[in-house]
Structure formats: C-alpha cells, structure tokens
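Before any questions on how it binds or moves, here is one chain, the form predicted on its own, in structure tokens.
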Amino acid sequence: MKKTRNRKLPGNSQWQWKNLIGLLPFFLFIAFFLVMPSLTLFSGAFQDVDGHFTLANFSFLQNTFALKSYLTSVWVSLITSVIGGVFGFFVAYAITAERAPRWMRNVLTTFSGLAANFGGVPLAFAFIATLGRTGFITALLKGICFNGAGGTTICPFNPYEHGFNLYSVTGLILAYTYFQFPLMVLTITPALEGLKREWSEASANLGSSSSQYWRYVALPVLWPSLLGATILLFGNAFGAYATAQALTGGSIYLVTIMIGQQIRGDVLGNPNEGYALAFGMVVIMSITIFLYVMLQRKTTRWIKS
C-alpha cells in the first residue's frame, strides 16, 4: 500500500498575512490621515502655545460666540436631518413599493448615490448660480407677474425682497437638505426592503387597514432604522464645513467655521483653542456614532431573522 503523504494545508496565519498585505495601503491611509491628526488634536487641546499642559483652552465654554456656534450647528443639523429624513423616507418607500417601475428605482438610486456625495464648493456654487441674487431661478421669478390688491399687476417678483436670503441660515438649511435626503434614501432602503410581504398579508387577513399596518407593525419595526438613519444625517450635517464656508463666507457661526478660523490663525486666532473646539465636536460625533451603531444592531437582528 502506498503511504499517503500528509500534505501541509495552508495555515490561517499564512492566509491572514497574505490578505493583510492587500490591506496595508488602507491602514497607512488611516494612520496618516485619521489617527495622527486625531492624536495631534487631542494633545493640542490640552497644551498652551509653549507646549505646557493647560485646561485654559476649554474656556470656550464661557465664550458666547463659541456656544452660539455649537447651538447653530446643532440647530441646522437637527432641522436638516428631520427634513431630509422625512423626505428621504417617502422617496425610498416610493421606489421600494411593489408597483414601482424598476427604471424609476434605478434612476433615483443612482441620483441618490451621486447627490449624497455632492457637497462642498461645487454644491455652494450650484446654489449660488441657481438661487443667488442673480441666479437662474431668481431671474425667472423676477419675470413672473401676478395680480395684486385692487386688480393691480405686480411685476416682477424678487424673492430677496420678500424675506428669502440664500446666504443665511435658511439658505444653508436648503443647501444641506440637498445632500441629506439622498443619504437617507440610501440608508433606509435596505430596511424597507427587509419588511416581509407576509406581514402585510397577515395584517390584511386579520382585517386591519393599511394605516393600522403601518402604525402597529411596519413603523415599530422600522423605528430603530429610522432613528439611526436620522442620527447619521445629524452627524453628516454637523461635520460639514466646505459648503457653509463657500456659501456664506463664514458669516454664519458654525462650530466647523469657527474651528477653521482659529486654526488658520485669523485675527486673535489660537490653534490650541481650535483644537479644544474640535475636541468638543469629536465628543458629540462619538456619541452620534455610538447611538447609530446601537440602533443598527437592532435593525440587523430583525433583517436577518
């Protein structure tokens, strides 16, 4: 009888090292552009100009402008996350409905993927060219005439003479909503697809209406996904910088704009205070990410069940 040779199977360690080589560029990118800047931020927040340990940088808690920047950022993030969340949910529901045309879903999904990543200076320029004082839609509205009181004709209609201002918090909310609702569509679509058809059929067989099904079955199941996606939108808006800076020129006090002013070394700028402001921002973002991960775990359980 021939003796069978014991072939040495490739060990797990060998397999892991081969795959880690392919991941090396990713780890290097994370190290140089995430870990090292974060360490610099954390250490700089607790140092003075001479490099000595201090807590004076956190005196921004007594600074009216710093607190206002945090409140404005939280306010804008909350408003845009709610508006984008509601609008994005209905769009996602429309494309995941049974009778929705497949081409509509492909078009809206592709648009959402592009629009969710369309931000910064290009987005600000697009809104200025569209809704600015000399923008395309503004010019069209100026040419619209309408009948006023007493049968008089009022023409033209200038939205900037009726309270609208693109370069204000209202305009910033409008610009943020542009990339918020597509992100909601991409985030909530898998959860809507996870709703089993048998649930609606069983609900209908028991005599419940469509509104009762959504109230007692669908929405309670989707609630963790909806809340988690809204929290994700909040973090996305809270960390935005380039769009607000390019659109308003830094005239609106957002925490990201104030951090940029401190670190760039503007008048009375202090990089260490900027690090402290960023440290507070990281704390808020960390809480946001933690809540999102916890809610995503709940969502994953019923999707896999």
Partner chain sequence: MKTQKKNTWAIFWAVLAMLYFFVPMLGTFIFSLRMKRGVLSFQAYQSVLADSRFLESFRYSATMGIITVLVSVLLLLPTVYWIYVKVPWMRPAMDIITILPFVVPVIVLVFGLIRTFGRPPFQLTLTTFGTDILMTAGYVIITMPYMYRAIDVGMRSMDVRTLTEAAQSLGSNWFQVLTQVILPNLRIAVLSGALICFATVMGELILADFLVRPALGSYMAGIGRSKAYEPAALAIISYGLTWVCLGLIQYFSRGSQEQQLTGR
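Residue numbers count along the first chain shown, from 1. Throughout, rigid core stands for the largest set of C-alpha atoms superposing within 1.5 Å between the two forms. Just so it is clear, the model here is predicted, and its values are computed rather than measured.
Unshown form predicted together with the partner chain; subsequent notes refer to it.
Undergrad: Would L67 show up as a contact with the partner chain in the model of the complex if we use heavy atoms at 4.5 Å?
TA: Because no heavy atom of L67 falls inside 4.5 Å of the partner chain in the model of the complex, the answer is no.
Undergrad: Is there a heavy atom of F164 no more than 4.5 Å from a heavy atom of the partner chain in the model of the complex?
TA: Heavy-atom contact with the partner chain at 4.5 Å: absent for F164.
Undergrad: Verify the contact flag for S81: yes if a non-hydrogen atom of it lies within 4.5 Å of a non-hydrogen atom of the partner chain in the model of the complex, no if not.
TA: No, S81 stays farther than 4.5 Å from the partner chain in the model of the complex.
Undergrad: Within 4.5 Å, heavy atoms only: does W75 come near the partner chain in the model of the complex?
TA: Result no; W75 lies far from the partner chain in the model of the complex.
Undergrad: Tell me, which of I144, L219, M104, L71 has a heavy atom within 4.5 angstroms of the partner chain in the model of the complex?
TA: Result of the distance check: M104.
Undergrad: The chain here is shown without the partner chain. Which stretch in 127-135, 156-164, 187-195, 222-230 comes within 4.5 angstroms of it in the model of the complex, by heavy atom distance?
TA: Single hit among the candidates: 127-135.
Undergrad: For the stretch 30-48, which residues lie within 4.5 Å of the partner chain in the model of the complex by non-hydrogen atom distance?
TA: Counting only heavy atoms within 4.5 Å of the partner chain in the model of the complex, the contacting residues of 30-48 are I30, F32, F33, L34, M36, P37, S38, T40, L41.
Undergrad: G249: CA shift of at least 2 Å between the shown form and the other one after core fit?
TA: No, the C-alpha position differs by under 2 Å between the shown form and the other one.
Undergrad: Using a superposition on the rigid core, decide whether the Cα position of L67 changes by 2 angstroms or more between the shown form and the other one.
TA: Superposed on the core, L67 moves its C-alpha less than 2 Å between the shown form and the other one.
Undergrad: Can a Cα shift of no less than 2 Å be assigned to G44 between the shown form and the other one, given superposition on the rigid core?
TA: Passes the 2 Å threshold, so yes.
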